[in-house]
Structures are given as structure tokens and as C-alpha cells.
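Next up: the same protein chain in two forms, each one alone, written as C-alpha cells (structure 1, then structure 2).
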Structure 1
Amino acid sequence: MISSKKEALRIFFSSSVSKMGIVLLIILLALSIYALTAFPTEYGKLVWNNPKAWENYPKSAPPSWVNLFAKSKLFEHKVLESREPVVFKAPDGTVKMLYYFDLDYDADEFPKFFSMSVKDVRYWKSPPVITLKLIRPDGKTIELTSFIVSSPRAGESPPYIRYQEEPFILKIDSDVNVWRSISLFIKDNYGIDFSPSEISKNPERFIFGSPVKGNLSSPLKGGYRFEVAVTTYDSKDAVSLISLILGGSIYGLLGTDIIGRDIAIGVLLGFPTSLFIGIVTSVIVTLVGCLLGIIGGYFGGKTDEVIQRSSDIVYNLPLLPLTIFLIFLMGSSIWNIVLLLIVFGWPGLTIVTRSIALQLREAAFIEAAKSYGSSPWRIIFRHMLPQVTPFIVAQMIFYVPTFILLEAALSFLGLGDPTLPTWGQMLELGFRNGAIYLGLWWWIVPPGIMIVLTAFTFVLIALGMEPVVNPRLRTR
């Protein structure tokens, strides 16, 4: 019998297993809190599951640190943004806003694509003119393109707002003007003749490299500066955001999946989800199971019979096929999953707490409580529950990884809640798209490791609880 909570805590912390478990748990909680605070709650539905949000990202790209081990350096996907221009006011009333973007290029390959995005332009008099210029490390300058924002339409009054819902996107891969500019640049600077249509096949290699007829030369390394000049005719005119996107082969901490989603974000979002599922389900199942067990054990008779019979039957059911079948019929929302896990999970605890309750019922202090007129509920809650508490807590902790793993398994089979980003779902998508056969390890390994780590944390804590519950295992 544990004399006090303090004693229990002391035994618990005396093993290194528990210490490691608690450390890991704190890390998990910290990451979950970060995930919850850094992302809005609708992120899952609005952004994660929305392919359009990931349009500009490379698809199935390995993580950027792969470059540390690569012989030839791959180009890392870059999104350069600028909101604060350098403003020049010309004496004729025009205002020139210069947006600068710097890029340090040291990859051995060319970017896969290059585009510019202009968001939210407002003007009062004449539409602004936007120019895109590139200054290369070898000092040469290319004026890639120049265009005018669309003019005011009939019936419109200032301020004229453009590109607010849909940003203006210029893709050099599909813009003839850009090819022409490049062709001119090459002729002027290198004396080589490339027609715009030749350039259109791979414009990036001309912008970022020195041209050699016939082959793909290697990129020109060094500092590049992009200058976007917005010439406006009223000092009130403004642009919200200008972005330059350079398509790379690698991206981010954990790479991207087939839709282009940042796997690091997906993994991060998984933390609060799995902790939530695991802990909530485990707590409810434990409470339900243990309460039913104590009630059955204490009251006996018909109540006990019913509880025993039903727990016996439910306990004997094969969990996965039936759960799959029921989710198939009920639909795969997270609450359905939690409900089913509870419905199938409670008997485990009931059976054990019932036998403990049966023993306790005969104990002297229970008899004493009954004799001074204590109501059965008071006896149960005040006298019996505390006795089983260490055991229940240990079980509850042990259930958390069970449910996390079960949810992951269900998601893997495609039965998970599609609105919630979970690790199981990431793996399901990966598996379905043949990630293993294509060797897209960054998609497969990290979510799985997180599942294992989370489950492992709770297993460690549960193991640490064992000496508290079973005195024979104590070493001190």
C-alpha cells in the first residue's frame, strides 16, 4: 500500500525510465502548444487540404539539408517577399517604388521555374507600371519584363483596386515578352543568337547561367539582385506585396509531399491531434471502465451480472475488423472514431476494477463506513476509488499509446477524419501514391517516427509507474 502521493512520486522518479518519459512528454506538449498557437484552428480544412495553397511549392521534394550529403548541390526552393520598397519621388510627380530581392546562388542546378506575384495594387490616377530587372553576379543586367496594371474600367472610381482576390502572376516559362527580352540580352552581351522559342524551353538557364549553344551550362553562382520597380502617378498609390518564387528541387525541414505540402508543418500539426485523441479517449475509457467495474463489484447481484456479461462479450470481439466495418457505415469523423474506441475499449478496465472492488467490499473500513450510514455512492467515490487510483492511472497512461496507434492504423487504411491532419493520414497518402516504391523516404519516415516517439513516451511513463503499483518490482 502506498502511504502517500509523495511516496508514489518518489518511487516513480527513482527510475531512469520515467525520467526519460517525462522529458519526452514535456517536449511533446511544448510542440503541441506551439502548433496550436502558431496555426489557426481552421488551418486543416482551409489550407492543409487545399491544393491551391500549395501551388507554388515543389512536389515530392526532399528536405533542403539533403544538400549536405549531395555531390552536386540541388537548388533550394525559394519564396522571396518584399513589402517595403525604397521610394523615390521624381520632380514630375511620379513616384518610383523599388523592391529589392537578394539571392545567394550556390546550387549546381537551375531553378525549375521562376515567377513573380503582385498582390493588391491600389492607384488613384494612372495605372502603375511594373518592371522586373535582374542584376547578375557578373554585373550584367537583364530587364526581364515591363507591364502596366490594367486601366480603370467604365463606372469605376478611385481608388482602383487590382489583384486583391487573385494576385497577378507572371511566369517566365509562359511569357513571350520575357523570352524576347532574354533573347535580346544574350545577343547584346554574348553575341549568340537564340530565338525566343528556343529560350522558351528553359528560360532559367539563360537568366541564371552563361549561355553555351547546345548544352545546359552550369549556373552562375554568386549574389543576384532582383529589382521590381513600380512607377506610380500618385503618392497615395500602393502595392501590398510582391513575391518572387524560384522553383527548387528541395525544400524545407522535411521536404514536401505529392501535393507540395510542407511535411514539417504536417508533422507539427499532428502533435496536438494525436495527443488529443490519445488522452481524451484514454481518460474517458478509463473512467467509464473503472466506474462500471466498481459499481458491478460493489453492488453485486443483477447489476453486476449485466455489467459482467456485457464486458465479457465486448472484450471478446476482434477490434479492428469491427471498428473498420462500423466506421465504414458511420462515416469517418474523429468523434465517430473516438466513440468506437470507447465502446470497444471499456471492458479491459472493468474486469480488473471489478475484482479489486470485490476484494475491497469485504474490507473492514468499508464495513465501517456502511455501518455509520454512508451512502453507497459516497463509499464508492470516497473510499474505494482512492484505493484503485494508482492502478487506474497506470492503465490510463498505458492506454494513450494504444489509442494513438489505433487511430493511426485507421487513418492509414483511409478511414481517418479527412479534416484533421494526422500522421496516419500523411502515411496513408504516401503509401497510396507509392512513396515507398519511389523512395520518397522523407514522406514516410518522419510521421512514423513521430507516432513511435509519442507512443514510446507514454509507454515509458507507464513502465515507470509499474514499481509504484507492483511493490515487488521496486529496487529501493
Structure 2
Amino acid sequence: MISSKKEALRIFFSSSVSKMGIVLLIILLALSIYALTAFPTEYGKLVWNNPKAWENYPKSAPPSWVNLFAKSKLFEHKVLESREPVVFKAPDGTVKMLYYFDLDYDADEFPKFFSMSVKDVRYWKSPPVITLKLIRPDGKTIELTSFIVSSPRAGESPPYIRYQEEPFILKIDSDVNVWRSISLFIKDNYGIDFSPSEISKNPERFIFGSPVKGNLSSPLKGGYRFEVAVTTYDSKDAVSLISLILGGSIYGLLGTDIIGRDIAIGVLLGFPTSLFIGIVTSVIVTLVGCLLGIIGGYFGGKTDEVIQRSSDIVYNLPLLPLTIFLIFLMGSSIWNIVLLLIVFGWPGLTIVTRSIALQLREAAFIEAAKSYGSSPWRIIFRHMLPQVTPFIVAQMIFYVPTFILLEAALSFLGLGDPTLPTWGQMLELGFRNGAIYLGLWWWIVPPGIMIVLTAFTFVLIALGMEPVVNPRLRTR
């Protein structure tokens, strides 16, 4: 028998399996802490599950690193932002704020879409005028579009605030004025006539293309500079943020799903949710199950009979179908999921712990404690519980992957908490939208790997605990 905690730790860390499990656990915990600190609490509800928040992102785009294996270089999704303009006062008394965006274009395809986002405009007199120009690598300049911020409303007093809650998004490639500007640009610089209706079919081909004998099949590579000029009529006028969005075929570390959500963010946010469900549920189930088993084994009689019959009934209930039915009735909340996993998870451990308690009850040190007048509860918590602590810890660790997989199964069935991004939900959405049949492997593989890796981590730690619990495994 192990005589001290120090000896138990020495035996545990003597195994390479244990060390590997602890390293993986530290990585999982670090990623969970980062996710909790980097993203607000309501991120899942307000952003992740809000399709409007992802409308400027490419849909079902593979990861950026696929360019390493592509024959022709794909265009990576770009979001160009600028907050600090160059400000100068014009001779006519107006104030101009110039925002510059530089783009080094080296892809072999055109962008999928092109839009401009304007966030939080404040003005005191007349509404500002915003103009977008593009200076191409060949030195030619296109004035793409110009628009006026919405005017003051009746009864409104300055400062007039626009686009504070949600940014104003101008789809450059869907603007008739842009088509006309490009048509004039192509005619003046290349002597080729394209009607605005022809340009509307694929404006990016004309904005970023280089006509050679009327052919715009390949992009003009090199350095592009976008210039956004905001003309204001008061020195106190301000614009918080201007962004240019160039839709690409690839995006980020893990790509996007059908809504345009960044899968890397979803995978990251899945860490704290999965670990919370797995660890919290496992701790409570283990403590309840072991305590009931020890109480029943020590007291015996009617107490033991009630506990054992209750555990037999609950143990033989079909866990997954019953959990699905109750979640339908109670609602898909993370707290309801944890509660149901606890309610149906304790009986197996109670049955096993009872048999251990029956052996300990007849031990000499228990009889000695009784002879000294120790109360039954003191004997249970002071003498019996420490004896089964290594077994309890091992079971607690072993149960974590079980509950993580159960939560993933419930989420895969569409019964997970809709306000929290989970790996099971990502898999469910992917399967529902035919990700496998469409070849969108980046949508399915990352969350699947994370579920397996997290479960594998706790399996390694549980295997490392076996020599601590079972003396036979410490000898050859």
C-alpha cells in the first residue's frame, strides 16, 4: 500500500504515459484559459451564432496553407483596416481625411467579392462625403465610387452619429456607379468598350485585371493602393474605422464553414466548454457515487438496500435515449446537460465502491476506530474515504472523456446548448450541410480530432494512475 502522497506522485510520474497525458492536459487548459480571456462571455450568442457577423467572410473556404500544395496560387481573404487617417484642411474650408490601404497582389485568381465597411461616423454640420480610389500596379487610377453619409433626421441634434451599432457595408462589386466608372476607365485607358451590364457579371475581373487584346482572364499582379477620402465640414467630425474586404478562396488556419465562420475560432471556443462539462460532471458523479457506495457498504441493512436498489434501477436505464427525451422537455442548456449526466452517471461507481467498503468495514483499523468510540461518519470520512482516494481519483479522471464524448454526441444530435460553440455542434452542422459529400474536410476533421485528442489525454492520465491504484502493476 502506498504510504504517502509523495510516493503516489513518484509512481505516477515514473510512467512516460502519465507525463504525456499531463503535458497534453496543460496544453488543453492553456488553450481554454486563452479562449475565455480572448473572447467575451456572450461571444457565442452575439457573434458565433449570428450569420450577419460573418457576412463579409468567404463561405466554405479551405485553410490558407492549402496554397502550399496548389498548382495555381489562390487568393487569400483580406480585411484591410485603417483607423489613423492623414488629415489636412482644403482651401475651401473643408477637412479631408485620407485613409490608405496597401495590397500586394500575387494570386493567380481574382477576388470573389469586394466591399467597404464604415464604422461609427460622427459629424456636426453637413454629412461627410466618402470617396474610394484605386491606384493599380500599372500606375493607372480608378475612382470607383463616392457616396454621402445619411443626412440628419427631423428633430435630431448634433453630433449626428451614424453606423455605431452596426457598420455600413457598401458592396463595391454590386454598385451600379462602380460599373459605370470601370466602363469609362477601361475605355479611356485601353480603348475597349464594355457596357456596365457586362462588367456587372464579374467586376473584380475588370478592377484587378489587365486587358490584353480584350482578354481579362488573369489578374494584374503587383502593389495596389486603395485611397479612401472622407470630406468633412467640421474639424470635430470623425470616423472610427474604415475597412476594405476582399473575398478570397482561402482563409485562416482552419478555413470557414458554410456561414463563413472561422473554424479555428470555433475549435478554440470548444476547449473550455468540453473541459468544463467533462471535469465538473466527472468530479460530482465520482464524489456522489463513491460516497453513496461507502455509506451503503458501511451501514448495511435498509440503507444499503435502498442505495443498491436505486443504483440498479438507474444503472439499467438507457442513458442516451432517456437523456435525449429529457433534454427535449427541459431545454438544451449546458446546465441541463450537466445535471442529467450527473443524475444518470453515479450508479456504476456506487456498486464498485460498495464492494470495497464491505472489505474495509472488517479491517482491523476500522475495528480499532470503533473501539475508541469514533462515530460512523468520522470512520467513513477519516478512515475509509482516504483508503479509496486513489481509486476515486483514477475513476474521476477516467470518467472525463466519457462525459466529453456524451456531450459531443448530444450536440451532434442537435441537442447541445445553442449559445455555446462546441465541437459536436460543428460536426452536426457539417454533416447536415453535406460537408463530407462536398469534400469540405477542414470543416469535419479539426473538431473531430479535438474530441479524440481531449478524450485521449484523460485516458493517458487514467492509465498512469493504474499503478498507483493497483499494487500488482508496480511489480514485474
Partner chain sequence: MSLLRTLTIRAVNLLLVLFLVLFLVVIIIGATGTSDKILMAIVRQEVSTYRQVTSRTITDPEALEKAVETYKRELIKAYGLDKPWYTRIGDMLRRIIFLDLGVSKSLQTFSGSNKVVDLIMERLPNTVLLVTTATILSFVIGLLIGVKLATAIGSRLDRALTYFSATSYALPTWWTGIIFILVFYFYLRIFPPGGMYSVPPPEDALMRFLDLLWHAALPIMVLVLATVGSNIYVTRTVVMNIAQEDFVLAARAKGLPEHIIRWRHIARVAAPPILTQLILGLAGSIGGAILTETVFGWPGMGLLFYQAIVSSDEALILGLVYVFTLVYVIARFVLEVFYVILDPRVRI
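Here the rigid core means the biggest group of C-alpha atoms that line up within 1.5 Å when the two forms are laid on top of each other. Just so it is clear, the model here is predicted, and its values are computed rather than measured. Residue numbering: structure 1 sequence, from 1.
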The form predicted together with its partner chain is shown as structure 1
Superposed on the rigid core, does the Cα of residue 152 end up 2 angstroms or more away between structure 1 and structure 2? yes
Quick check: residue 190 between structure 1 and structure 2 - does its CA shift reach 2 Å or more after fitting the rigid core? no
Core superposed first: is there a CA shift of 2 Å or greater at residue 85 between structure 1 and structure 2? no
Residue 167: how far does its C-alpha move between structure 1 and structure 2, core aligned, in angstrom? 2.6
